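In the form predicted on its own, a lone chain appears below as structure tokens.
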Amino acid sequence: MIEVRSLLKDFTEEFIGRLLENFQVIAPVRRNGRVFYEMIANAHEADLEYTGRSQLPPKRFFLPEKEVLFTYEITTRDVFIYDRSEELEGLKRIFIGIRPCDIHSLKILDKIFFGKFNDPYYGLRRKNTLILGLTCNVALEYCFCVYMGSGPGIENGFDLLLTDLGDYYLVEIGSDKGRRLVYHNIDLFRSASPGDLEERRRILSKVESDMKKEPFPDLDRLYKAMLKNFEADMWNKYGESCLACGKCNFVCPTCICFDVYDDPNLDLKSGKRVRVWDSCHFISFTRVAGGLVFRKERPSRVKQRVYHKYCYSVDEIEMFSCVGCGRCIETCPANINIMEIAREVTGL
């Protein structure tokens, strides 16, 4: 049985203000008409009334665009390494207002970074961050999370999950940590009614039906069709359109390719090791020793990204690594639509 409460919108600033006393808070913030997830300093900065998706995904708060992994110093007798992960040990963060599709994306990242090779930098940020989700009341043009099983509702992966019911939020409790947040601020919360749960179901059902007006193939059918059409001519068409700019990779909540390089200081006795986002669309991505680039042609790079979302990740982590957020479609300057690709490869 889901444990639920309700929170009046008049109390949300007070609630976020209390969170700020003990946590770093990440929230949706509106900048120049667009919504971004950002670290906030004041409760009034948070925009929980926003519709649709944020411009950039939540992954940047767990896998930053650029981060120093460690610094080093070489002396006459030894080499000293200062691991930056130690600075993350005492981190206490709350991510509020994150959509179900983005919560699902974190489950995918967990499979990767807590998998065969544990990433301590991602791991510390992830374990030290509470997730306060916010369901969608409206489906935007390119949303197709319902087909990917990542929305518009979600059953787990959050500590609290809010649904906008007008003057107040229905609050689902998803963990012991979430329960403690509610009970430590119990004066702000009240009981929820069966009618509140029914209204939540009605809202999510409407969002789901609106998304289903745009067709998308069954995932099992899509996976099998991709396997059969690896050499199809359609990839040349999309390759000719693609600008290889990498925008789709950077706005995708589950693209996690990165480069690592050493940055020595001028004294050549100290420096740092840096991790930075990379893109499988860049021609330099597959450059190996000797200068060979084994994915020189753009169709092969377009194909690589799509196959990773709908085939390779299924084989590797048993999950599709597309959450249907629609960011790549919205952002692509060449108007490449991954939904259209899926329909074309399956003949839908």
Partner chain sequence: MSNPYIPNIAVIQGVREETPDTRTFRLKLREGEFTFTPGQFIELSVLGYGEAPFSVTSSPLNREYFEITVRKVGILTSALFKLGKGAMVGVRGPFGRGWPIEEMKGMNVLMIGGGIGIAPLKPVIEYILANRKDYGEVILLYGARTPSDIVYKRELEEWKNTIDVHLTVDRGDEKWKGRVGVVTVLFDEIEVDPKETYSIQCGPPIMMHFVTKKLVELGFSGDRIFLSLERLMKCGMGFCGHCTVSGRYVCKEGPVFSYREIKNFIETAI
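Positions refer to the first chain, counted from 1. Model, not experiment: these values are computed from the prediction.
This protein has a second form, the form predicted in complex with the partner chain, left out of what is shown; the following refers to that one.
- Annotated contact segment (heavy atom within 4.5 Å of the partner chain in the model of the complex): 292-300, selected among 27-35, 40-48, 54-62, 292-300.
- Residue-level contacts in the model of the complex: of 91, 227, 186, 243, one residue has a heavy atom within 4.5 Å of the partner chain, and it is 227.
- Contact with the partner chain in the model of the complex, defined as a heavy atom within 4.5 Å, holds for exactly one of 237, 273, 126, 107, namely 273.
- Within 4.5 Å of the partner chain in the model of the complex, a heavy atom is found for every one of 85, 262 and 288.
- Within 4.5 Å of some heavy atom of the partner chain in the model of the complex lies at least one heavy atom of residue 121.
- At the 4.5 Å threshold, heavy atoms of residue 79 reach the partner chain in the model of the complex.
- Residue contact with the partner chain in the model of the complex: residue 306 places no heavy atom within 4.5 Å of it.
- Contact check for residue 258: a non-hydrogen atom falls within 4.5 Å of the partner chain in the model of the complex.
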